[in-house]
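There is one chain below, alone, in structure tokens, taken in the form predicted alone.
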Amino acid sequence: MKVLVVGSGGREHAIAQALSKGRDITVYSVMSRINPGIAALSQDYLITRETASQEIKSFCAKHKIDYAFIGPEVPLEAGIVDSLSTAGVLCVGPKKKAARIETDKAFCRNLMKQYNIPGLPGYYIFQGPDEAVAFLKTSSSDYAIKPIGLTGGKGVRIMGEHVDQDGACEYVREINGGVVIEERLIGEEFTLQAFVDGKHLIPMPLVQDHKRAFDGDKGPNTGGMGSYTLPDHRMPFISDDEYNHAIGIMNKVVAALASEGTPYIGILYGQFMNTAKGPMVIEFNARFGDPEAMNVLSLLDSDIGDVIRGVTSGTLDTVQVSFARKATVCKYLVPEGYPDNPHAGDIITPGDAGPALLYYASVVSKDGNLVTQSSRTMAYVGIGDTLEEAEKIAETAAASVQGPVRHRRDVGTVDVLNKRIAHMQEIR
């Protein structure tokens, strides 16, 4: 089978790597710039905008592509799946209307309300800044401020955490468009990703991401500085009932989208906050997370070709999907100044990565050197029998890189995990 990977980041490198291990799979790719890792795995690749549907369709026709695996959210919002479907290419990724579960936060919240799906926080939708500012100024509560559209994982401001009331009002004016204002949730975040075929859902190992830029969960939000999974594929601060409740929420969302006539096919990413009242939905994403894809795909034991066929044919319930019972820790290296003022164009030199897996992201190869770009550079994933072992592997590899990049040293450490456990015990 010929499979096209759309996207040029670390997530897409992980997808391409998983595909390269599949039986009788030939990898092709479409990238906005050359990712050295994806290029090395591709039979052929096209450099163009990842929303350039006609160019991508022509590339698929030229190579007789069977399937496409869509990595980022932007081409999903642009309707790349709708376009490729007309050319007979089966896609792991939802069509434009179903992708609104991510690309339109107002749609997501209203869908959950309409179908009485649990885990919905209190929310208010405003189409412009004036009404939103007036609401904030007359309220004494803290809220989460979210632009209705895509934000690359960096658009949320939490009152009492990121901004005060005046800062929230200023941010709403800065957005100058539609916003969703939601109740502030207190608890511990976790990510539940699942393969979905429109009706059936197969969950992947739970992941916890680290959004803040610096050690100790300090600094601005980022696209994600790293993430970890545990050998039992769960989190110790999430009970069996809470885990099953989160899966139930995901199933209800899939059923609701099917009822709307927009069946969801692809990867559904649920970002949850485990609170004193149980899991609440922060957001849904219509694709793999980045970095979370690197954790779970590094553990995938099943043939990904079987998964792709199951997802795209509505027969996922007949596919046996398994993941290695190991811990993973992913650590992202980022350029100086990231995320607010990232510096691009610097040469970096990786050292001895040992057994760690390397996934390239926003980095290019030039004259035999790796050169940073303006986003997250590359990530190392350590795999081990314990979290401590996996973290040590990832940290050793990340620390070996020479040049003006940095990473969070506390990602995946036992100390951080223990703080998460203690925090949940405190709020319960």
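Residue numbers here begin at 1 and follow the sequence given. The structure displayed is predicted, hence computed values, not measured ones.
What follows is about the form predicted together with a small molecule, which we do not show.
Although the partner is absent from this view, Gln271 contacts the small molecule in the model of the complex, with a non-hydrogen atom inside 4.5 angstroms. Contact annotation: Asp166 falls outside 4.5 Å of the small molecule in the model of the complex, judged by heavy atom distances. Contact check for Glu283: a heavy atom falls within 4.5 Å of the small molecule in the model of the complex. In the model of the complex, no heavy atom of Asp82 sits within 4.5 Å of the small molecule. Checked against the small molecule in the model of the complex, the residues Asp215, Glu189, Asp303, Glu260 give one hit for a heavy atom within 4.5 Å, which is Glu189. For the residues Ile249, Ala327, Ala144, Leu316, the 4.5 Å heavy atom test against the small molecule in the model of the complex is passed only by Ala144. Annotated contact segment (heavy atom within 4.5 Å of the small molecule in the model of the complex): 156 to 164, selected among 89 to 97, 318 to 326, 156 to 164, 354 to 362.
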